[in-house]
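Starting off, we have a lone chain in the form predicted alone, written out as structure tokens.
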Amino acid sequence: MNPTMKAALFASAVAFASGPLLAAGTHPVTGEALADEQVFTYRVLDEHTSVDPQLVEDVSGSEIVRDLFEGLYNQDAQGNLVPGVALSHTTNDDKTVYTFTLRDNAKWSDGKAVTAGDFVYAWRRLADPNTASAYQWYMEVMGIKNAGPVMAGEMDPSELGVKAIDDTTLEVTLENSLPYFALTTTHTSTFPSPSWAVEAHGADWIKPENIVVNGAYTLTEHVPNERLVRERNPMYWDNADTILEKVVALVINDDSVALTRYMAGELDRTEIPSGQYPQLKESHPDETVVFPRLCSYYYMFNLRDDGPEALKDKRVRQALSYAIDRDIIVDNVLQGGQTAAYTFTPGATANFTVPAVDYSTMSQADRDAKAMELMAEAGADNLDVTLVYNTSEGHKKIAIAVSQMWKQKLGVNVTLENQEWKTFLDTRGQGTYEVARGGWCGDYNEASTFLDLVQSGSGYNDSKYASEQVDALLAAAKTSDNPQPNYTRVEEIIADDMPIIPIYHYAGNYMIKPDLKEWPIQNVEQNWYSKDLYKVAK
């Protein structure tokens, strides 16, 4: 860590620890009059996968986990690192050993101190194949020493390159230099877990009556597929500066129903339904919010050995990609600030330049003509394809639009199949699909968080695409001072092999009540923390 970064983190830590106590009825910094009721209620599309830091695998679940648990570092409103449990870190000269200094006032909700050993336990648990975490592969993304052999069951988890020097000193050893390693520690899978609670209750340790947390909030109610409530954790080290008392997540599967309930005052935040941004911006200009996000929307092909034979021909995959008019989808179907995607990695990614892959430079008319030519070459007349997506009006609209493009331009017969979230994840993970919707939001702000998904060993490479050249380029990029040429080449290769079809790069599209303050719209990762939000008096 450079001295400036270290000093900045330390200064932030001091400011957080010594900040003024909340003045009665006013914000301690801005002086704004605060609402008497500090409750934030928002909508989620689906039931989350888990609130176990080592098992959660979806965006909405990770949002909850960031409230219940705290990792080494958090992010500020711009996405910069700020102290969490860690106050600072140092590295050796070649950046293969990272040493984190932890705060001594962090506590679990049962009063126990949060220690370096709690991180060691959590990281070993994540890498342990017996945990069966969908995010196990993240240990290799982070480059932790011995992660691969531990994950494969060839080494005991105790051999993982992480150890507690003492209660407030955590040492991490990497396989190779990784300059951006600290950025990876904001991911929920790296958050600490209380060994005593996990061992006492097993899978039930995350139930409200059993859970032990170290974040700003604790879990007080969970009705699956309906609601989840978290309330302030009085044992949190910065509880004195937390303003929101309660956060409520409501599961509402229908975008239009969610908007109706927002308009009725039941929600403080919800997503803008596809195609409705222009009219809502006109009617509610102070409540519509649109901003770029570090996310990509795509379709994936099943390239497993037992997958559809026709889709193993890359000419067919290219044709299906070329025939999608992305401008129609973003401008006519979505209408919410999204951008057409021809690469997997979005332009919002830090220190990444989007390459001009070949088909991105063609007109749509030329892409359509090339698509028809490729299908003819492949002899793929009257192709039948099943496209699966998780239940959502927005996903449905896109799927209908794409199926019409494929039918009209290429004569492809498309069967659409929507599935509820957990079934959909199982379908993709088990490879019982032909073409499936995909969406990926960066786990950290660096291009590898996207491109690692096309690495052959990735836990989220649900296409099972494998390219030795891609694997080699990505491995070399991790230790390069300038990985852009590698990333450019990987994007070029996957634009040719087309294991996935990039469709658009996300924009955040929210309706947010004007009395809810400090939503971090400048943070493209959208790692938000309820402790940083507050509501002003109307």
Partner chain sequence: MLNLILRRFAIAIPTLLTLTIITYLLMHSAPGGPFTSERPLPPQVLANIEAKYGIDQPLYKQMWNYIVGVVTQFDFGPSFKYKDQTVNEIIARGLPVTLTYGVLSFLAAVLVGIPLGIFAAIRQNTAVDYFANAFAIVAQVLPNFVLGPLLILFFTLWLGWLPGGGWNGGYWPHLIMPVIALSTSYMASVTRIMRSSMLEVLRSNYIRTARAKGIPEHIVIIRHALRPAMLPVISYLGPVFVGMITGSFIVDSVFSTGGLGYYFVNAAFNRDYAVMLGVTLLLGALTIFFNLLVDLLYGVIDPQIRY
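For clarity, a rigid core is taken as the largest C-alpha set superposing within 1.5 Å between two forms. Numbering follows the first chain given and starts at 1. Treat the numbers as computed from the prediction; the structure is a model and nothing was measured.
What comes next is about the form predicted together with the partner chain, which does not appear here.
At a distance threshold of 4.5 angstroms between non-hydrogen atoms, Asn253 is in contact with the partner chain in the model of the complex.
In the model of the complex, the partner chain lies within 4.5 Å of some heavy atom of Glu57. Within 4.5 Å of any heavy atom of the partner chain in the model of the complex lies no heavy atom of Ser193.
A residue is said to contact a partner when one of its heavy atoms sits within 4.5 Å of a partner heavy atom; Ser448 fails this definition for the partner chain in the model of the complex, lying far away. Comparing 303-311, 103-111, 413-421, 170-178 against the partner chain in the model of the complex, the single stretch with non-hydrogen atoms within 4.5 angstroms of it is 413-421. Checked against the partner chain in the model of the complex, the residues Thr386, Thr432, Asn239, Thr260 give one hit for a heavy atom within 4.5 Å, which is Thr260.
Residue Val223 is the only one of Met362, Val223, Ile400, Ile328 with a heavy atom lying within 4.5 Å of the partner chain in the model of the complex. Contact with the partner chain in the model of the complex holds for none of Glu231, Ala350 and Thr479, as no heavy atom of theirs lies within 4.5 Å.
Residues Asp443, Gly459, Tyr460 are the ones in 443-468 with at least one heavy atom within 4.5 Å of the partner chain in the model of the complex, listed in sequence order. Comparing the forms between this form and the one not shown on their rigid core, the Cα displacement of Arg437 reaches 2 Å or more.
In the core-superposed comparison between this form and the one not shown, the C-alpha atom of His395 has shifted by at least 2 angstroms.
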